[in-house]
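Structure 1 and structure 2 below are two forms of the same protein chain, each written out on its own as structure tokens.
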Structure 1
Amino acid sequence: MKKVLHQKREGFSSSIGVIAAVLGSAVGLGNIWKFPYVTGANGGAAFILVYLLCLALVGVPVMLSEHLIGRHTKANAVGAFKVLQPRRPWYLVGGAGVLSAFLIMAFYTTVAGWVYAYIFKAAGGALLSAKPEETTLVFNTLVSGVGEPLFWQIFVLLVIGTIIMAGVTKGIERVTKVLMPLLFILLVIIDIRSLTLPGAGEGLSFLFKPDFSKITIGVILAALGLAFFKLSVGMGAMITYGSYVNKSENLPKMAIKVALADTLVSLMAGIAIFPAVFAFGFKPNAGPSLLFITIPTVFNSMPFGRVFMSLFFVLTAIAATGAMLSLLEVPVAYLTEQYQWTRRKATMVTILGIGLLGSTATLSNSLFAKVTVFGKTFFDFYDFSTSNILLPVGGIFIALFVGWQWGYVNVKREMSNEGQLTNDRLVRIFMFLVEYIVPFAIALVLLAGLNIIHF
């Protein structure tokens, strides 16, 4: 039965399709929203250098580990571990990934809904103000509403669900091959406009001129956490996407390309934001409000700001869409393969479940504002339980599994494409990282996220 399922299984049709889909998963709101404000809060250029080091030592090895598992087994996040270790409970790691993807979608679709709404608000003139207090009012009105944020969350789910129902090749691959180039084009346009503003040089200096006195243990830990979370690892997405990759693909090379392209998008987002922020006298460490409050204020302070602000939120929506496709594909792949559901049924049931659970996150600032779980709103609880517990734990066990359970011989066979690639030194470096460096580093992120250790 398993052999029949594998024969019918879809996959990515080309190397470009693989890169586009995996990059679409890695590039998300974190690039346009989180990376700029975390960079701003931690000193700019020096933080970026530390982040790049953490990306090479932690982020890429975990992503490559998931790709290796997925491609070798040609199975979903749970099924992959059942194939490799049928008599041991390693499948629970995959199960945690499926749960993580579902819970992340519950609050991620909330934020994505805000982004989609802001495209129309920006184009329609609802954000035409250079006063922070007025853009703050617009944002607070949106998130504290009931009907409007729910409408946009449902709209987001219908868009993503429609693409997923079309399949891996005709849905995910086809859409991301269009969206990723479009994302880069829009970023280039906005970067050029931002760089032509008077005083833009100060923003570039902040972004690219390192001040190593800014580096502290806290900054290193922030860079480590961002490097781990930025590549969509620990949630089963990269195992699932890896299972659609052709056996002839050079996985280490692909992982490096994706990491570099993902970092480029983050830096381009920084170039779009920081020169403009400094040019108009705003603070680079504005925090999460940078996207919905500071950015509209900044764009409204420049000529043709309405046009560029609309383009900015379009590219932000594109980034969010690529990430959500990979998140939704995780439970859909699980249901279609483990329970032989049709893709249509699995998608519809999943988006219905996400919609019901996600509505509690969307209404966390209105109807459910006073309802808490362990002292947190629904939105914050879903965010905390995934970012601070499920994803780090999943990342640790994936590294331990590849390094200590699956072992060098199997990893070398898969990484070298059955001996077709000469990369023994790379395999040994990779094994050292996943056996020792990655588990220790992610454990620090886990402990810090749970406030067990402080710096």
Structure 2
Amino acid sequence: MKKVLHQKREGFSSSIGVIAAVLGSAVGLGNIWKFPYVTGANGGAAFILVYLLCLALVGVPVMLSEHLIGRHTKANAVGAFKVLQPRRPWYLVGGAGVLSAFLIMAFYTTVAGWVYAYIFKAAGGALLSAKPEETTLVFNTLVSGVGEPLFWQIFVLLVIGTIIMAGVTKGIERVTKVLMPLLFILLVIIDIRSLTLPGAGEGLSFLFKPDFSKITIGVILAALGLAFFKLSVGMGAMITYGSYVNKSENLPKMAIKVALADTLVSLMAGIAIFPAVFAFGFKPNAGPSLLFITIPTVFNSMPFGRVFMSLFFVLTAIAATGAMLSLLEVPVAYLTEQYQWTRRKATMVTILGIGLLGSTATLSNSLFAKVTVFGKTFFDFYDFSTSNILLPVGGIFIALFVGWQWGYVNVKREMSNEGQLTNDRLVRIFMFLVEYIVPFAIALVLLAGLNIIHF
């Protein structure tokens, strides 16, 4: 085993910077693109309730687990397990995380590319239409192309590669600190417009009036998968970011704050989109295209729509970029610390790998439209296999590791900042969750959701 480099480790410089970076990882396409489309595909309000339950009982405890071991070991996703348990193969959990980072990036850079492209389409006026057929056509033309979406995907990769090469504090912190508040303000404006559309009420009932007959085991698995994806947990991104957090930070408080803020952003994106879905006659279960076809109609119906729409896609692009930085940081930290690669080399090799894999996702609607893996296109396969399998499985092992291997004494010490915080009850609740609830709940939902066991 190579030695983990502890010297000269960069860290986030302030408490606000830490929260901004962790939130910058959590908030992204997951809120603005994925949350609405998965909610729409799974029937609305009842799904959201299950999702919130998954967040609280599983997502937050796994996030806290990752922050605890990351901060304690000051190491990357693989290195952290090697430091804590050199003789057992727990580091494979980190290895699976590095793999997940690649697979997520493969389709995430595709969608981020669409968002970047939409900035220019919005500014150029191509998207100003209240007709569902027209906005759908613009989207379909983009995604079924070859050169255009590939160009944008490569562009996205170059942008994040440059920021990551600039290093942790300077790059990540600076970019995310300013942008989150801006995105929030813009969402408020869009929500007001959307809520005042004629027929907005139907969208609101879809979002907030649960119909429990819509809950199936597949819906529960989708909610669980979304909770992992949303909080960026189950694959070591939060171990890696936790490793840059300083010793005086109150970790449980931070995890809860991040989950709350993140959920607020998702709900606001839902409120921006669903009233428009019903007002303009879209189908809530349109799938991954939902954001791109509905949002232009909202802007079209407001003053200065073109300006606001361009700004909306700029901010979405920036949120997506913050999330991608944390994804890219997982393999980069792993390669620099475990193999002593330079940051430059690690970044370039990783980007190249993601570019090659990711092009298969981007071309899923054109050249590779007929190619399937387990019955899914490349794009859908990367999306489904990470959110709904790899991240939850990662979550099981991270929880088991913290609960049963690392254990109460160590958890208490790290969670209380070496005794400086009095939070013993919280430690006990957390231990109960990671020892019993998290692993069993995930295992059950996974096995049933994937049709391996039947009730």
Ligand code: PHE
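Take the two forms, find the largest set of C-alpha atoms that superpose within 1.5 Å, and that set is the rigid core. Numbering runs along the sequence of structure 1, starting at 1. Predicted, not measured: the structure shown is a model, and the values here were computed from it.
In this pair, structure 1 matches the form predicted alone, whereas the other structure does not.
Comparing the forms between the two structures, the C-alpha position of F304 differs by 2 angstroms or more, with the core used for superposition. Once both forms are fitted on their rigid core, the CA atom of L52 lies 2 Å or more apart between the two structures. Taking the rigid core as fixed, one finds a CA shift for F228 of 2 Å or more between the two structures. Core-superposed comparison between the two structures: K34 shows a Cα shift of 2.6 Å. Once the core is aligned between the two structures, the alpha carbon position of S213 differs by 8.4 Å; this is the C-alpha shift at that site.
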